[in-house]
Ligand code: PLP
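In structure tokens, the next block holds one chain alone, the form predicted on its own.
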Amino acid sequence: MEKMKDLAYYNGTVTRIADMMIPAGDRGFYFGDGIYEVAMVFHRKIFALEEHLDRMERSAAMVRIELPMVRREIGDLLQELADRVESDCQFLYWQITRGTAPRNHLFPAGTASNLYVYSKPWPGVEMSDDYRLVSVTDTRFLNCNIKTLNLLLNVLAAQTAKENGCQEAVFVRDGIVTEGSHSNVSMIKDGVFITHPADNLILPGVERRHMIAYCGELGIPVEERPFTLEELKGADEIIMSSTSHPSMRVREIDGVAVGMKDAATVEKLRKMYLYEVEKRGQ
């Protein structure tokens, strides 16, 4: 089997990413009517695949999209596609949309869902100690726990962060910090790991879940509870986490220096992540 520098898949067709053509009638195009997942490939194995498939199934069920094939077949296909890319370390993305049909708000009858996948080389794990945040008002809808394609307000927040010289935005809803535009936010205060509960106001991040598990192994107390922006600014450490950026250490919010007071605990969590990557790659 010939290896490819990068790869895209759409309903059985495989091309390079730049060559993939998707029908304009795909409901993801004009309604954002779909869900997506992102996973990392290390040592040619998809990291935390079962957890990503779990979230995929939950998201699809919440928006009433029928999967194009059973879960196991999707997992097998993703691994098969990752095996066809030259790089051992990859950024793997997939999305499922409700189908292809003439534009109509109602669900199309008798239309199969669409599966789009792409995988490309990735330079590897990034764990920065120089993350800066800007706070923005969270005006998104009330189902942020669905990993939906509807990310316009996240895009605007991320752009606001960039225009303010920051790497990420942190959403604040009614005085409570929820999450970042593309990551979860957690903090360490007096030796306790604190993160927003996995309710409908945040996406339940896979790496967020891993960090909670790491804390259990390390004997670090965990609190899943709401917290304010002022609490966040007073934390000993602030960590932004996502699948592609698992541990970004925050040093500034809204131009004010924050955190950076418990490097030892952050290092323990990072070592647990790197150990798990190597363990699953064996």
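Numbering starts at 1 and follows the sequence shown. It should be emphasised that the depicted structure is a prediction, and the values quoted were computed from it without experimental measurement.
The form predicted in complex with this ligand exists for this protein as well; it is not shown, and the discussion that follows is about that form.
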Okay, which stretch from 120 to 128, 159 to 167, 100 to 108, 198 to 206 lines this ligand in the predicted bound form, with non-hydrogen atoms inside 4.5 Å? 198 to 206
Of the options R249, R55, K233, R27, which one has a non-hydrogen atom that comes within 4.5 Å of this ligand in the predicted bound form? R55
Interface check vs this ligand in the predicted bound form: of S87, N143, Q79, N154, the one with a heavy atom inside 4.5 Å is N154
Closest heavy atom of Y36 to this ligand in the predicted bound form, within 4.5 Å or not? yes
R132 within 4.5 Å of this ligand in the predicted bound form, heavy atoms: no
Taking the shortest heavy atom distance, is K147 within 4.5 Å of this ligand in the predicted bound form? yes
For S59, is any heavy atom within 4.5 Å of this ligand in the predicted bound form, or not? no
Sequence order please: the residues of 231 to 248 with a heavy atom within 4.5 Å of this ligand in the predicted bound form. S241, S242, T243
